[in-house]
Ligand SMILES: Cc1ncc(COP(=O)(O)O)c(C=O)c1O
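Just one chain follows, in the form predicted on its own, and it is written as structure tokens.
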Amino acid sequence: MQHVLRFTEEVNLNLTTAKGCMLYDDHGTAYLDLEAGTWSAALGHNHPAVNQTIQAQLVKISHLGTRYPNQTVEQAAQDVLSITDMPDGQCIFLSSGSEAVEFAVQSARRIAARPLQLCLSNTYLAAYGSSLAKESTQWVILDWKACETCSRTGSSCATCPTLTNLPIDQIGTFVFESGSFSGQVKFPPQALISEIASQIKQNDGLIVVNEITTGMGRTGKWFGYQHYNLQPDLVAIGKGLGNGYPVSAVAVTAKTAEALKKSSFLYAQSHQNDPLGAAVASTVIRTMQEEDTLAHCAAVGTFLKQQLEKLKTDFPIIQQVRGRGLLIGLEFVSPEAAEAVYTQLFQRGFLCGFKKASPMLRFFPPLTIQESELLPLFQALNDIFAVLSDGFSATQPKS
């Protein structure tokens, strides 16, 4: 009997050590981690700079009360604000991505001039709170499915019923997720997002971006919203900020920070602005800058996507390849096909993202992964597809 409470299917595996992109079980068997933990180990497992920072900070101070300042936390805030292009803004450090998004959403609700918050359909924001519930009294959910294949561009979005039917005069905040959408790896059209942002800003509204999955270099830029030329008011950051250490952050513009201070919004939790988490965040940012991780991610992501596209040409079991940087999804003709490939990959020592009833496999590896480390994956996929393709028709309906 297992005594750890889990809400996902447990794998019969005891992983004990890790280094870089590799995980090892108690028998010494190696597995290529194509999920970066829970998409968090952006610099790979056991990165020496991160480990050294944790060890050094532990013998200084790791935790403080919320009212006490600390120079390590101040430096980390400056580092986060530098990569969000908010040099005059302010930053708060928290413990998880869900907490960061919920803090940003609740902050915006307190200071927005209009009551409703807008997000796109299938947006996953947080594991709890208003961001999970999205109650109709507080949220407008925009169904953008038709926009995925729309050939209209530019100003035509403004006259499209998708947008003209929005109660824009009641919407005070646009909460934007730029590429995950519950693991479906989808990217909304530039024209759609630009038009929404323009309308929100014209009404003195706020733009909140959820960068939990798409942030910290995952898409080849620091943040996913930078592919859309947005200037957000609040940026929620998680996952890669701590390279697996539980630290998240919300960066806000100077104007937003001032409005929050004048509002009735108060927030305090036990690990808010802890020096240990802040020290790790600074180290991750500095290391990414020193190692040019963003450029590496963009280049290797292009390589990975190209190789998967080649496999798609040869094997009709693959429906579509989607991705930016090292945020890549492989969609199959059916959930059953995806599960069969996932199982075969696992048996061969490759760990990728998959959930039942989905036709998707996800490849979100550490951003430090090398092209040479991916070559065995392509060979494994080729062999697996050669066996499975005949059993899964390209005309199978997708769930």
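Everything numeric in this text was worked out from a predicted model, so none of it was measured. For every residue, the number given is its place in the sequence shown, counted from 1.
As for the form predicted in complex with this ligand, it is not shown, yet the points below apply to it.
Proximity to this ligand in the predicted bound form, taken as a non-hydrogen atom within 4.5 angstroms, holds for one residue of 91, 297, 212, 280, which is 212. A heavy atom within 4.5 Å of this ligand in the predicted bound form is found for exactly one of 224, 97, 329, 325: 97. For residue 315, no non-hydrogen atom is located within 4.5 Å of this ligand in the predicted bound form, even though that partner is not displayed. This ligand is not shown here, but in the predicted bound form it comes within 4.5 Å of a heavy atom of residue 125. At least one heavy atom of residue 180 is located within 4.5 Å of this ligand in the predicted bound form. When contacts are judged by a 4.5 Å heavy atom cut-off, residue 342 does not count as touching this ligand in the predicted bound form.
Residues within 4.5 angstroms of this ligand in the predicted bound form, judged by any non-hydrogen atom, belong to 204 to 212 and to none of the other stretches in 159 to 167, 138 to 146, 204 to 212, 67 to 75. Residues from 217 to 247 that approach this ligand in the predicted bound form with a non-hydrogen atom within 4.5 Å are limited to 239.
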